[in-house]
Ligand code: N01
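One chain comes next, on its own, written as structure tokens: the form predicted alone.
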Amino acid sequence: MPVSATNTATAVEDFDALIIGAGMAGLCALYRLRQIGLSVHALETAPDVGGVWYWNRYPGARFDSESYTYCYSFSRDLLDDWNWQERFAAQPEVLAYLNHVADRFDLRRHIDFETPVVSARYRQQDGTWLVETEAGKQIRCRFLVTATGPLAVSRFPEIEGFEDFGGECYHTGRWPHRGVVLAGKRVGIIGTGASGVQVIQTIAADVDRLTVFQRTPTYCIPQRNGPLDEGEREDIRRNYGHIFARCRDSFAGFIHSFDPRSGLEVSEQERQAKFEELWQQPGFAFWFGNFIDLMMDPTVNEYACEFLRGKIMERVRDPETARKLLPDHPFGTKRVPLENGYYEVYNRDNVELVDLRETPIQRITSGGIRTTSADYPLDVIICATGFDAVTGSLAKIDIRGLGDQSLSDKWRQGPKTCLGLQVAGFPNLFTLAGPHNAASLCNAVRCTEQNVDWVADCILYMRNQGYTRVVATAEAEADWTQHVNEVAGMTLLDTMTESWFYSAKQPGQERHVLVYAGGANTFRKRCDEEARRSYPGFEFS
């Protein structure tokens, strides 16, 4: 479905499809849409491919998915010619893989790098999108695909005095590519989520002194990483079909599946044995291989919490420090960090834990961080304070649909989507890994490929039927949004735990769920059913 160029004062490039982003989702979409014969281009803010894996180069950054599950399945040759070195690959290896993919399939020449998008407007008169970049370049396309990533916009803490600090200050989500020398320095890190845990356990032995400013303790489970030998890699290659099938049928796209039993129907001895067995396994086994009602029944969840708190107390020698590390929210209601020796870090003489619930930060000073109880002299401050998740990267772009309606305005009281893939009033706009999409609570590549395949199949359906426009109906959007909220309300995610699974709570406003908590396997079935029934929730013209 080519888009015709017209003569204008300013040259406008034309493509069938334009993709915003060249990370894991963007590269997949670029490959797949070109494969079905569309003229496709991508715009990327970074100087190169990689998305989150381009920017997040902090010490210790690595997968929390098994490497051989966090890779594309669309090419058997690609699976055969790539050798993962570790069970959970580190950032340099991940970025090397994505560069390999871009080169192997000649994708780089279809991408404009260092090209932030500032606006995208739907033109009702010809059914196209007009996209404008920061440099003023304009591109017209029939289909607009956002692959901006759920964790792309770094969020600094709102603390007074950053501009006064005389040392170095970094955010894990925008780590300098030249690297940072931390050895022998006094380092303070704010935040103990997944990124913070990885940094802390990696740098503790090298810095002169490490002060950890903990806002909220969370449950960390052992990653149990290690190298993959050639025999293991050969076994993985032989079993890729089985591995991907296991991921496809699981709740979150990992190789782990819930135990069908309730945690209440077994004896205490059996329950503890199950917890110990899962705790000894690599990856997210304890989260996604646990009892089926772990995330729904508060009693079962508390049993798991008690088990994990006991492990923390066993590993941290100082009882007072251990106490500060004990979470009090339900397990799994915040993203669960995987760790390799994290708790043992607090047994080191050069590491101090500051509990900000007891002694909050007052301000950043010229020489470090001041809390309500002490001044901490620092050479480097690291902010591991997360992201404006899921909707943040879309909100940075002025996206306007029918009637010049702004997407940000439409979502001001919370996202509204159909299948997390389209928005009523925004024709031919597809949102990969956006709000209400299973890909935001999933082994990302497994769910991203599902998103991309669904979009490609929808466009093929349009081609076969002679359609050029598709848009979600208001009724389907309302139904899906209600379903997303109802499903979240059935789980322990619907607690007051502060997490990026929900939008930040504003005074006087309700919290809004950003992820689909019904599971990637259920999401896939709903999407497949929609396609099988010729897309009843969408209007074509």
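All residue numbers refer to positions in the sequence shown, first residue = 1. Since the structure is predicted, the reported quantities are computational estimates derived from the model, not experimental observations.
What follows is about the form predicted together with the named molecule, which we do not show.
- Although the partner is absent from this view, residue 192 contacts the named molecule in the predicted complex, with a non-hydrogen atom inside 4.5 angstroms.
- Mapping the unseen interface onto this chain, residue 393 falls outside it, with no heavy atom inside 4.5 Å of the named molecule in the predicted complex.
- In the predicted complex, the named molecule lies within 4.5 Å of some heavy atom of residue 58.
- In the predicted complex, at least one heavy atom of residue 216 sits within 4.5 Å of the named molecule.
- Listed stretches are 243 to 251, 382 to 390, 366 to 374, 259 to 267; the contact stretch with the named molecule in the predicted complex is 382 to 390, by a heavy atom cutoff of 4.5 Å.
- For the options 117, 145, 151, 378, the residue carrying a heavy atom within 4.5 angstroms of the named molecule in the predicted complex is 151.
- None of 335, 274, 410, 185 but one reaches within 4.5 angstroms of the named molecule in the predicted complex through a heavy atom, and that residue is 335.
- Contacts to the named molecule in the predicted complex (heavy atom within 4.5 Å) from stretch 46 to 78: 53, 58, 62, 63, 64.
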